[in-house]
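Before any questions on binding or motion, here is one chain by itself as structure tokens, the form predicted on its own.
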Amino acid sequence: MNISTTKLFAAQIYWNTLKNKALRVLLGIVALLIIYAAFSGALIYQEQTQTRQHYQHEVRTNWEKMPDKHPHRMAHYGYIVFRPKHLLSVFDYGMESFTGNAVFLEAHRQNSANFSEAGFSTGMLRFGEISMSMILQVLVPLVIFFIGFGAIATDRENGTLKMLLSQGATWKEILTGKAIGLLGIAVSVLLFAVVVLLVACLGIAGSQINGDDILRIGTVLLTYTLYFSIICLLTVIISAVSRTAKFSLVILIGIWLTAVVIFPRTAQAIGNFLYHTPSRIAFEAAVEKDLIKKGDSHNPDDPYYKALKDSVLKAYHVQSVDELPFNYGGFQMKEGERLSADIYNQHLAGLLGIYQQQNNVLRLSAIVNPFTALRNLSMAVSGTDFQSYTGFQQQAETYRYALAQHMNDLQIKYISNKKPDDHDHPPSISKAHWKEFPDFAYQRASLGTVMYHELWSLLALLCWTAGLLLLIKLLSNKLKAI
């Protein structure tokens, strides 16, 4: 294959596109949409981040200002934690609008995240949001199809293709060169989007782009380049095998509709059909049923906890809990918290397993639909996927459990077993203990962990690229000029 000839075909596609007034207007509209999406995303990020930080600080301040109290009352007073937004959510909103962003943490009870944007919005949200990722994933491929549908088919119709082949150009040079030219246009749009993204992120008050963010942006650049390579190769191949440019355009639009609209919804529906999830009421009822079977830590006559008390009294060689060297009520609450957390986590693991099976159906479909592969990768790298949400939920539950058990430990250590008389003050401990327990600190998954979870999606994009390159090589020996 002659490299100079290939470059010539690539330059022809690239510069002819930029010379065409209609296509320049079209690309200009795409650029304006990218700018709008970037800065509206940055504004949303800044507003929501400031709001969450404000209320998280307020929660912490109120917690530390609580007066002297019984530690178990503080455990029931509870705590609220907010899910911090990732800086790259400016680029890809992912599931951010549909998953809750605040969790109320209390003793003996696990709550899900609430206050999603979808919960406060009108029904217009179901029509989608204009994000940078949506433009690059959905609109740019359509633009590439529109630019390249006649790349080969038009030359075949007007006889130019036969002339090119007769002058020594090969099919491989023509197909590869035109694909590279289309890719040059797509990558130019992508690079413009990355620059706009960086400007938008740097313009957010108080934001700092760290090394991890740079690596994630680089990963976005790599994965979207792979995706656009697939789009451009597919465009050239369809144009090459089509008899007319009109037929090529119809096929490409059909592929776009199938990949972007029909296939993802179908795969999601199949996943929901194969792996049915229980309703929230059914889930909570199942947890409560198992808790009742195990015992009630607030009931001193419960068989399980009565046996527990008897064993403790026997171990310490005493006749009543008043003689124990620690607060038995706190000890019982600690055991109850452990059991309730274990039961809840078992049910939650089962529920998350069902969600994972549903997501796996969509993830496996990436092998036949590169749009799905890119969407999964884009959300994961931007920290707006389901894995990020469940990671926050699990960290919040870990914090809740540690908080409840810390309060139980304080009760065990500082509260007397003897009940106060009517004229005595209710038992309490110093409010200085509230400050001892640290604030919630969310730990994001590393980029390596994220890519490990989405390895299948990355392999799907690589396989699609390699497969289409191989197809071009095979077609180069079989295609005809007429």
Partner chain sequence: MTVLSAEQLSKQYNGTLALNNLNLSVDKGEVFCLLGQNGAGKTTTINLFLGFTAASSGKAMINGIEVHPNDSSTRQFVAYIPEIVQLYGNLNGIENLDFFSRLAGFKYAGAQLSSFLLKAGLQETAHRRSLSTYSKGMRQKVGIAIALAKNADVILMDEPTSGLDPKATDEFTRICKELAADGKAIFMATHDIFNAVNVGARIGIMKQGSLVHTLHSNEITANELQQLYLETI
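Positions refer to the first chain, counted from 1. Since the model is a prediction, treat every value here as computed from it, not as a measurement.
What comes next is about the form predicted together with its partner chain, which does not appear here.
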- Message: Please identify, from 84-92, 182-190, 156-164, 364-372, the stretch that has a heavy atom within 4.5 Å of its partner chain in the predicted bound form.
- Response: 156-164
- 4.5 angstroms heavy atom contact with its partner chain in the predicted bound form for T244: no
- Examine W171 and determine whether its closest non-hydrogen atom to its partner chain in the predicted bound form is within 4.5 angstroms. yes
- Message: Can you tell me if R400 lies within 4.5 angstroms of its partner chain in the predicted bound form, counting non-hydrogen atoms only?
- Response: no
- Item | is_contact(F9, its partner chain) in the predicted bound form, heavy atom dist at most 4.5 Å | yes
- Query: Can all three of K334, Q411 and K435 be found with a heavy atom no more than 4.5 Å from its partner chain in the predicted bound form?
  - Reply: no
- Hey, which residues along 16-43 are within 4.5 angstroms of its partner chain in the predicted bound form, non-hydrogen atoms only? N16, K19
